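Below you'll find only one chain, the form predicted on its own, shown as structure tokens.
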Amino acid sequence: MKNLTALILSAVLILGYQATEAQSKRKRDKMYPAYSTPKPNKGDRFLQTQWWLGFRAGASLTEANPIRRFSGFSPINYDQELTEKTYSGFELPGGHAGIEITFYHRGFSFSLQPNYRRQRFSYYNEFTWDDAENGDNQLDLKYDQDHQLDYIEIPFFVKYDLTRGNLRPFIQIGGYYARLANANKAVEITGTDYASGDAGPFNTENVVIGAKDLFIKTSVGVAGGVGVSYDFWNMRLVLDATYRYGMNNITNAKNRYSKNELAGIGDALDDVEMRNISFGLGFLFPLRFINKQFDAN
């Protein structure tokens, strides 16, 4: 009986002690809320940031926007507008390939994407030579000129993920600085000769000439776009579309006529700014690991 009484008394004392401790903890939590907040797991803190490194490539379309027009001819008895060039839109394909280095933190990514980029644009001129005394003596000429510019480009973007998880749509905005590596232009001449007695169309083979001296060494601009990334295995697949808006005239005004091999046919580059739409595909790999797994919240 004594043993039973002692056992009951011990149980009462233990329960009373636990109740007192619980009440004390509740008071302590109210007075010091920080004590009641669970500390972030070390792994969770680790996964809030991530470095990514990988390869990216893609295709692009370019448009040249003339901001001031020039010609190798000075009209005397016809309108100056007849000498103006007609530019193609976003038609000629180009491409780019490079690497991507990205730092991620809490939904924001800061991405450096150095690449080698090829951009193309074209225009054409049309001229008609008339015999003032004989209207049948006429020569129509059309000059199609395709320009190919190669740049080493260093763009920088700030991205924001719109969702979390494996599939992440994002928006991005940034700018770029590019250095001209090479430039060529191809010229094709077509026309109709009515003065030779055998009127009919003709065309010449494309003539490719170096055009690096016709352009300045740098190109700068701003850019923005959208994309989506998908995480699987230990890599990230990125698809994006970006619009680049050139902010400087890329024509070398000093060499507009002096270094132009086609000045004799009336060619003179206009002052132009570049517009470009790029579509990219990237494969990125994480540089920080935890328990042989990776993630980025």
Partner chain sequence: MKNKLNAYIAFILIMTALLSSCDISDNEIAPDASFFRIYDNDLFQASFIPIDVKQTGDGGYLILGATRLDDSDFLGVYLLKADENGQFVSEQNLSSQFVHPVNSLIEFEDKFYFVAMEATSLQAHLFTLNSAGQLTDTAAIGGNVYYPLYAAADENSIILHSYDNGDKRSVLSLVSTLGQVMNQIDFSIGAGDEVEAPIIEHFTRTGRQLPFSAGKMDNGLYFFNGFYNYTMSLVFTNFSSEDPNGVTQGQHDNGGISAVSHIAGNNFAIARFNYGDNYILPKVELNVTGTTSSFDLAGNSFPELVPDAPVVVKKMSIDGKDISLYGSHTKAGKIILMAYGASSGELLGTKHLGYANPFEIAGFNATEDNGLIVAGATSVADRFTRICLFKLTEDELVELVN
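Positions refer to the first chain, counted from 1. Every value quoted in this text rests on a predicted model; they were computed, and no experiment measured them.
One more form of this protein, predicted in complex with its partner chain, exists but is not displayed; see below.
Contact assignment for its partner chain in the model of the complex, among 116, 160, 90, 156, heavy atom within 4.5 Å: Residue within 4.5 Å of the partner: 156.
Selected contact from 252, 242, 229, 60, since only one has a non-hydrogen atom within 4.5 angstroms of its partner chain in the model of the complex: Going through each option in turn, the one that passes is 252.
Candidate stretches 166-174, 116-124, 144-152, 212-220, one within 4.5 Å of its partner chain in the model of the complex by heavy atom: Contact criterion met by 212-220 only.
Contact test in the model of the complex: residue 81 vs its partner chain, heavy atoms, 4.5 Å: No, residue 81 sits far enough from its partner chain in the model of the complex that none of its heavy atoms falls within 4.5 Å.
Residue 66 within 4.5 Å of its partner chain in the model of the complex, heavy atoms: Heavy-atom contact with its partner chain at 4.5 Å: absent for residue 66.
Close approach of residue 95 to its partner chain in the model of the complex, 4.5 Å, heavy atom: Looking in the model of the complex, residue contacts with its partner chain do not include residue 95, since no heavy atom lies within 4.5 Å.
4.5 angstroms heavy atom contact with its partner chain in the model of the complex for residue 237: Judged by the heavy-atom cut-off of 4.5 Å, residue 237 is well away from its partner chain in the model of the complex.
Partner contacts in the model of the complex for 53-75 (non-hydrogen atom within 4.5 angstroms of its partner chain): Sequence-ordered list: 68, 71, 72, 73, 74, 75.
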